[in-house]
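Form predicted alone, single chain, as structure tokens, below.
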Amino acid sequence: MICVSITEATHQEALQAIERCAPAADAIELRMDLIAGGDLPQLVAAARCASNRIKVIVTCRRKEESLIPGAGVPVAKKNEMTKIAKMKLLKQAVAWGVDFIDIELAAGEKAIAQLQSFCRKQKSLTRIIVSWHDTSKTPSLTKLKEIFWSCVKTGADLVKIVPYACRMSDNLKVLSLIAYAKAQNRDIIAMCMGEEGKISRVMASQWGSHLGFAVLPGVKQSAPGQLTVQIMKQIEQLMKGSFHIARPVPAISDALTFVLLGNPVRHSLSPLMHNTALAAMKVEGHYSAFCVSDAGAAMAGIRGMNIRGASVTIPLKTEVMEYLDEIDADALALGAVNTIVNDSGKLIGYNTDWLGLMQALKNKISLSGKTFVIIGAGGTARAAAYGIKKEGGQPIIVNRNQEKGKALAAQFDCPFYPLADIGKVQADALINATSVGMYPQIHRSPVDAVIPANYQVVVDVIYNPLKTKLLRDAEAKGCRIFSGLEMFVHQGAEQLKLWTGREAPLALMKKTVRERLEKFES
């Protein structure tokens, strides 16, 4: 539905605006905080007279949540209505049978409860909108969800959340919030104010916003960025039937879409591995790689295109968490997500990196009671430390950057050594969790060639090349070795299990990736 706000400065001008707006709009909002001397009963009667189908909303916005259109600053009114006067006006609106009254979350639970009680006593059908506005910015999606639930907890019939868009990506946060609310079976009005927020006004109704706000040509806007009613209706007609969101996820027998999201992804072997596995599992679907750097846009795309599952790689593993509906406990503890499952529009984040590494390690060494030197302090090192601790082992962090290394060691309550002192450390296994030695720098190693002699097992998370310089040095010293191929395949298998509920063909996946890597090296 398209709503036009009546914001004229006088009662007479407001009556004229109602006469013009009512035939064109689905709803009108009487902004009683802006209409000086407005007689509410007359204004409501005028709206009903102008159109017998029009919905009427009565609002008395506080100045902190109202913007001067075009100026980008809060409205300053010398004679703002008192809280008592606002409550009296909203109760009068209920008595006159308006369709909605709008009260801010900031008014407090007591005031909202008072209006709810009044509606019940009047046996009124008026619905209460509990609203929240930010006239300067759009907070994180996590914060928007917190605000959403604060509104819901008041018993609101309808939640309205409208922040100010400072950049295009802010629109995606709000659109994701709409999808989130709809997944909770909650009605919501949401969009962004400001010039950058125009796209959200266009898309909000397509994503499920209960109302969209517009303006008639030549009529004053109630918030910056509003489009005309005519433009909004033209856009709705153009998009009608061509865009859907949160469609039911198809059964495994139907075609499924899976993606890899990150930057860069051009040389990733995940599409080859996953498509081979899907074919062997007789799952109709396809896995593709997309180079993206905007986590919000990527999550909106997953919802909008009904993508069943996604792999997430650098630099998005932490950033995507803000846009998910649920996060698995292990991923939350790690502070990183590498796998997303789309469950009928609800996005759930997991981390299979640590599982893949632990499965690979268990094939070579017993973890409980053993010590593991981990070189690095990034996401992979964090996954290794987390898994080793969980399996009863003891990690030791070694890193060139002492500040980052000490921070990671403190997080897992384990020792830290500078990389220069690695020769002094004794442990059962060594894990390289850095990118040193990765193609094309295949002649580099994170440590001197003599260091691997101090360990029974040496692991490199790198899988290209299959045998890094570190592993070649370790093999020459008689160590048991394995490359990142093991971890890569195991974590991929765990992803497929999350997406399809089926066991993946590990041996085939490993064979497929190995053969491709051997071709690269030949």
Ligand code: NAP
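When you see a residue number, it is the position in the sequence shown, counting from 1. Quick caveat, the model's predicted, so the values are computed rather than measured.
Below, we refer to the form predicted together with the ligand, which is not included among the displayed structures.
Given that the ligand is not shown alongside this chain, does residue 444 nevertheless sit within 4.5 Å of it in the predicted complex, heavy atom to heavy atom? Yes - in the predicted complex, heavy atoms of residue 444 and the ligand come within 4.5 Å of each other.
I'd like to check something about residue 487: if you look in the predicted complex, is any of its heavy atoms closer than or equal to 4.5 Å to a heavy atom of the ligand? Yes.
Proximity of residue 400 to the ligand in the predicted complex, heavy atoms at 4.5 Å: Output for residue 400 is yes: heavy atoms within 4.5 Å of the ligand.
Exercise: residue 342 in contact with the ligand in the predicted complex, heavy atom 4.5 Å: Residue 342: no contact with the ligand in the predicted complex.
Could you work out which of 30, 462, 496, 470 is the residue within 4.5 angstroms of the ligand in the predicted complex, going by heavy atoms? Looking at 30, 462, 496, 470 one by one, just 462 meets the 4.5 Å heavy-atom criterion.
One residue of 377, 165, 191, 188 in contact with the ligand, assessed in the predicted complex (non-hydrogen atom, 4.5 angstroms): When the ligand is considered in the predicted complex, the option within 4.5 Å is 377.
Picking from 144 to 152, 379 to 387, 284 to 292, 84 to 92, which part of the chain touches the ligand in the predicted complex when contact means heavy atoms within 4.5 Å? Result of the contact check: 379 to 387.
Using a 4.5 Å cut-off on heavy atoms, which residues of 128 to 149 contact the ligand in the predicted complex? Heavy-atom contacts to the ligand in the predicted complex: nothing from 128 to 149.
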